[in-house]
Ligand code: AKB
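In structure tokens, one chain follows: the form predicted alone.
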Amino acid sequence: MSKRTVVITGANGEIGHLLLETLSKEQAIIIAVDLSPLSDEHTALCEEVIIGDICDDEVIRDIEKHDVNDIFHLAAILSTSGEKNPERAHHVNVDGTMNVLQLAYRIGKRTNSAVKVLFPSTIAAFGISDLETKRMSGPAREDDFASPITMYGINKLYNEHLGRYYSDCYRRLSPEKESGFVDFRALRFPGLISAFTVPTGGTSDYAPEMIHNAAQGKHYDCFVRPDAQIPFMAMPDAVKSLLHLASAPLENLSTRVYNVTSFSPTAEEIKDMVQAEFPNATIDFKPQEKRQEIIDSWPGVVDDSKARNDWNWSPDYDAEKTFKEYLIPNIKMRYGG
């Protein structure tokens, strides 16, 4: 059986690094794409590293030289950055994804084998109209509350539809069969918490910011209310879910877009977990109205039963394990604690 060839866009992020390390152990041929060079360690895991923008035609042509089996399309501008420059976010998030889907179609048609496109979507694709509706609704299913209020969420929701179109409906009036050359699969990720990447002011970063500040003995003003609630997931589970979805037989899948989740604490409960490990930590709540509005538009809990039923999704890290075994020890080590 020949080795599979895998493309990872946005390969220099933490998910990209973890995918590189895991897929190289599986002996995959890896083509990495990023705006910035990879470390020597990660470059050594790749067949080729392409430095450039996924919106650049030359980058696409370089990828297209390969007979690709899977594309993990991670390159994106995230929610907070997207609100600062929505036009740039739309260009990268939408035009870049369109480039990847067209690329997958052409390779799939050339090789007569569907190219899998693994796409990290987001709970930002949801948009709940008001706090009372959020409080009264149960766990959100994939098709609920499809009115996102950020450019990032709008981009991701649109890309989910683009992926469905390229997979199942592409050029449907053509006399020849044109669909079936792309196998698009998306995950609606919750807030992702990393023990190794310093938070940079993202919308869901109040959880890791609490820990990083506590580990350094710094006071922290949390930018959401104590009752603010969204789902979270430890970074290793994010990578696990992408790889499990990639390996699932197509006939087992009932949808192109899946919710995945792990735990859904309130900000107050996160504070309690942090202070249990750092008794001297001082954390106050000083909600910032605009950021709070975004958090309030996202579900407090999501329903990931389709992922559990279709491809046996189950996280390795619940809230207690995430904090006690993954986050706290590694963040303490970072700051010499």
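Please read all numbers here as calculations on a predicted model, not as lab measurements. Throughout, we count residues from 1 along the sequence that is shown.
The same protein also exists as the form predicted in complex with this ligand; that form is not shown, yet it is the one meant from here on.
The three marked residues, 97, 159 and 184, fail to reach this ligand in the predicted complex, with no heavy atom of any inside 4.5 Å.
Exactly one of the stretches 117 to 125, 247 to 255, 166 to 174, 83 to 91 approaches this ligand in the predicted complex with heavy atoms within 4.5 Å, and it is 117 to 125. 78 is the sole member of 151, 78, 210, 267 with a non-hydrogen atom lying within 4.5 angstroms of this ligand in the predicted complex. Note on the partner interface in the predicted complex: the residue among 155, 204, 262, 259 having a heavy atom within 4.5 angstroms of this ligand is 204. Of the residues in 283 to 311, only 298 comes within 4.5 Å of this ligand in the predicted complex through at least one heavy atom.
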